[in-house]
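Given next are two forms of a protein chain, the same chain in both, each as structure tokens and marked structure 1 or structure 2.
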Structure 1
């Protein structure tokens, strides 16, 4: 009997040893992105693809876990006081920026003041503009006083507004900081060649002991999804973001490849410039909206990789309204609207589109559907960075582009649809919507907040600063020699705990 027990113990010990493989240090990872990141300064960034690189370069004051709960980051602990108008943060004492300078309360104050400076014109300003006072209590304690309660504040600090850049590097490089980025993240900037690669190396002084495992990460842009997949399959890439929908089954069925697909937080559709003809007239925008068959677009282009959209809130998120109906295509009503707007024969406009095959296919379907009611769309293919620049400068009529989404609904709405939002690229102004969005920032109760967003949608449905088309799922693919990648619903690639084995 004793021999049998001993044998079972040995077998169990062997099984555990085989199953629990310790991470290996060293090696490099090549990551294929869907575009060349336009901006490596988080305080000036507006593109999702930038954030994929930011997750390696920068840390945030607070972080998200894989269930999107807010957990400590560069901030160890926090206290919320005075009915949500005061936040006291205790910072980690063992953190250095990549240039060797200390991360401390003065650095946090510098970062907040940088983003709030009107002359700097940061897209983060509207995330932080309720900050009334920043008080350094000592080297590692800081107090933030808000002008009024701001429920999404911590969620905001888990994103780009909470990414800390080196004050020393900002002062040294000035406007060129984006080309010499310095953060506290697990990897340090090495070099960049536009439209070819961004190379990072291991941060040997990273505050999370033992991390990262990788020695080097190379990000390579492939705007054409087909080319991205070819490079992945051939072995030139270890990991790819934004897998084209048509390749999902092929990757699923290949033994040495891994596919991860999860519901996301974002939305895709058409930005409408309300300050320019023809879209200053709401009826003309409504006609375009009713010309679109969203179900057909999702079925033809995306299949299982997307949902039909009817708001900024995807299925599965807290503010998603299960009872809200999606817009159904109604060509007859679209033609009536055109007639009542004095444009019975239709109208014409330019639609900016990134040169990705999936985006082009989506744009062509929209173009065909609109033509059925007399609306002529001229597709304008632009490099992604150029498209974003045109969008932010409001030098456009319409653009097929979306938003990657945020854990709090405020991040999907306020910056775009408030008249003073830092990314109000639709030139949209509605005092009632402003009031509603300001109120949602003060309300903690989920049901009350949801009712407010429902009111907001009654205005957006009529004025259409944005036409919601679909919600993409987050899709990642990687080789078998890539280990311990954890997919988050926000779709961001976190690499500090990823390790690789020999791919040969």
Structure 2
């Protein structure tokens, strides 16, 4: 009883202390990103880093809370009817685009039509392809009819496909829109200098009362992790994305620097091109899979900043299967597999790797582990753009490259493992997997969906179009004068509620 009282008192004082600090308005924040965002139009963007800036420039139709539940955004209320084939949205009435034009049902329709336009060739088109009809019911009511049920639809609208751009600005600037983006978000675009900075200022007319707190946000690209950390720890950056794992201890030990780690949505591992030797033979791929000691890789390279992976669903996400056993390194069995495949002496292949220090370390560990069973890996260091080009043209044997992850499990699977998937760069085809993946899009019940994905994994475990190695966590670091930053598992930086005190 005494303990309980003590706890209550402590809790009360604590909450009072927290409550006493009121957010300050004003000030500016400079954010160090891991790359220069290539494309500031959410309907054309393909890079993860773009989304960091989008979170400030645009709002999404629905939003996520920090536990990844879908909550209202620009859409105030929604109804799902007709077994999930019909969505009715009620929009907020107090939203203006940065150019002063009104956000309404017509604007939403314009945005969807823009993304669905085959000539515009938006990467978002595949997310929205099931839309059959868009009907404006009223100035702030809109109905979307899908050709078949699509469970991940709302989750998709919490991402780039749900980001609303100003129709007036799109018509005015045309193809140049990405250089003068206009959204509804908490910050407005001011200017950008390629490879140097992107400057945004406060949106005075933001629909969320009293927000944002900051006057100005500057994003600066630092592709080299070491340079990013130095500019943060002893330079003028207030906040950095993607802290290199090795610097976690260092930041922790510095009293005026804060670290924020959240489990992520993505996975990292090895792309396997099943259309090319040696990976046309499943046994040879399985041998490679069994040669890997994932615990060791995570321990040595990532420490507490990653989890061992055995599926596309990281811990903390709905579809993650706690009971699934992770693959244990088993060199003896790997050698047996090689023998039964008629290649007892092993085989050789090229692994494409981006020249990032963490990727290089991981690649060398994998290389050394594979060599224990007789598999010779030639590491091919390629500049990131070249690597992605070769992956997209399927001109490779294997590649060490991950996926940043999506809120709905569908975004981590369908596009890669369905034979018609938009990113099936493994040339993987299995009619049963196709059927399962199609089914998961129609089943709303979580347990039932989980069972389906479990069934999919039994196929992936054998045929290995991708070897899952680890799930990276999202790591951000920021200085002491930055307050109220909340980390989300999607790793995106939301700044509308962040405020700063004078750093002096």
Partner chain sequence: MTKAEILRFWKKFRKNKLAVIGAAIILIEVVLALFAPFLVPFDPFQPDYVDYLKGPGNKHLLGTDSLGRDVFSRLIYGTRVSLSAGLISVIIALVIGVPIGLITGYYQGFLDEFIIMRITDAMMSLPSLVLALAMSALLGAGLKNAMIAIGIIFTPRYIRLVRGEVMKIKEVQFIEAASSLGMSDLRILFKHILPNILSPIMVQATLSIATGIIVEASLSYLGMGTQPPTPSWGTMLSSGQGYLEQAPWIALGAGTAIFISVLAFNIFGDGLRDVLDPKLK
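Just so we're clear, the structure is a prediction, and the values are computed from it rather than from any experiment. Numbering follows the first chain given and starts at 1. C-alpha atoms forming the largest set that superposes within 1.5 Å between two forms make up the rigid core.
Can you tell which of the two structures I gave is the form predicted in complex with its partner chain? Here the form predicted in complex with its partner chain corresponds to structure 2.
Rigid part of residue 67 equals that of residue 175 between structure 1 and structure 2: Yes: one rigid part holds both.
Rigid-part reorientation between structure 1 and structure 2, C-alpha based, degrees: Value for the rigid-body rotation reads 18 degrees.
Rigid-core-superposed Cα shift at residue 347 between structure 1 and structure 2, Å: Rounded to one decimal, the shift is 10.0 Å.
So with the rigid core superposed, the C-alpha of residue 369 shifts by how many Å between structure 1 and structure 2? For residue 369, the alpha-carbon shift amounts to 7.1 Å.
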